[in-house]
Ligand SMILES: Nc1ncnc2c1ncn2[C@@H]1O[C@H](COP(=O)(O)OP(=O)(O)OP(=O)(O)O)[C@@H](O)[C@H]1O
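What follows is one chain in structure tokens, specifically the form predicted on its own.
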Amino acid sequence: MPHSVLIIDDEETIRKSLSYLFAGKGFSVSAGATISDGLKLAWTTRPDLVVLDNRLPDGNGLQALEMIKTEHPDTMVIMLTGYANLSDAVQAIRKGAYDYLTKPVDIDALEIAVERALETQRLKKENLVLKMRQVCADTGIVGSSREIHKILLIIEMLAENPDTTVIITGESGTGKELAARTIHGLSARKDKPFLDINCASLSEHLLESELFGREKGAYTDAKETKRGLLEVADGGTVFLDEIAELSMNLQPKLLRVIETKTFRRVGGTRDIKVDIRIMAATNKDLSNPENRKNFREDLYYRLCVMPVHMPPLRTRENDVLELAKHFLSQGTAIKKNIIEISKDCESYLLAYRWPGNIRELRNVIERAAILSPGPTINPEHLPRELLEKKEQQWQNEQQNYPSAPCSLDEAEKNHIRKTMDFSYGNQSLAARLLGISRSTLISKLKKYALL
């Protein structure tokens, strides 16, 4: 697949000459004259490389650089300027530019910079792939989607900072506890306890006793002193699931633990010092004030030192089959020698939205493995809701299909209109996507009154 390059320069001669140069080397080329045009093209073409002028009609190139690197951190950017300025060059490199060249452009110097930038990008991608494979092997987290790669990078950073408080958010079944155990397992605390408790599963009185422990005689049934999870986990991690359900009375006590690493047992009078990491999880969006009516602001912000959001499975389509095959390699499927999922079955798995996320997928695969008499899982082994979803999708496709055939001209007109919308009206990009010249596209736009 050829490399893609985006040229953002208000000088038409430079855009044309650089476009000709890169096209001659087999690059896929797009070009814009303003920051606005350039950002639209960057969004639609996701270029490997951007050649960016420092002074543009609608703003400073450094602003564009920052926006491009924020949205597309892997894209390499080479800045061009007609005014040599050391301060701008330093700022450009700090903001993520690979190189900074002056105009008039020395073609040899530009070609060398481009070659080095793309080689650096290639090596970074290779290292990232190897790193992610190793992290996946170490963590048990399965997936190769961009969303999971981001999560793994965050997990790795948090593992390197074993004292940082963490809150993990996400829908039920997305793997919040697995993420917490992974952070603990890769950190310097890995040889110490990882203790978890569900804040919604116990009454306030029992939860307080479980967390903080109790002194003998603290209440009627307290026949002896009991150490709480915070004390038992000394040196390790305490994971508080469903933290949003923690009672208002216990919230200030937890805040004190996080801030001072001290607490008192129920009925106790002396402070107990512990070295623990607090991690919490919730399926509620606590960033929304409406969901924080019964949650202390100071505790929320103290927990949010480093938030981690586990994405729902419906946004990780590339991971569905990978996860399914992973579950197939475990448990019931191994005992029954089930080795594959049929292609028809895969289409049903991909069409489903997975409201129960990874937990639901695991249960579906285990159920299918139990029902399958042979080495292959087929659609008839899947739950009814998955089959109905695929059938509904097929019916929708049939309904959306035109009831009567249209002419070739009408079909071409509709296709060109959609491509122009996708290209934000950029004729050069639309022509390239359609596989025709720009002049041919303009002719057709006039023909169909789309210009």
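Everything numeric here is computed off the predicted structure, so don't read it as measured data. Position 1 is the first residue in the sequence shown; the rest follow in order.
Quick note: we don't show the form predicted in complex with the named molecule, though the next part is all about it.
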Within 4.5 Å, heavy atoms only, which of 336, 302, 359, 190 is in contact with the named molecule in the predicted complex? 359
Quick check on this chain: which one of 295, 348, 263, 327 has a heavy atom within 4.5 Å of the named molecule in the predicted complex? 327
With the named molecule left out here, work out from 174-182, 223-231, 247-255, 105-113 which stretch has heavy atoms within 4.5 Å of it in the predicted complex. 174-182
Establish, in the predicted complex, whether 142, 283 and 323 all lie within 4.5 Å of the named molecule, using non-hydrogen atoms for the distance. yes
Heavy atom of residue 241 within 4.5 Å of the named molecule in the predicted complex: yes
Does residue 316 make contact with the named molecule in the predicted complex, using a 4.5 Å heavy atom cut-off? yes
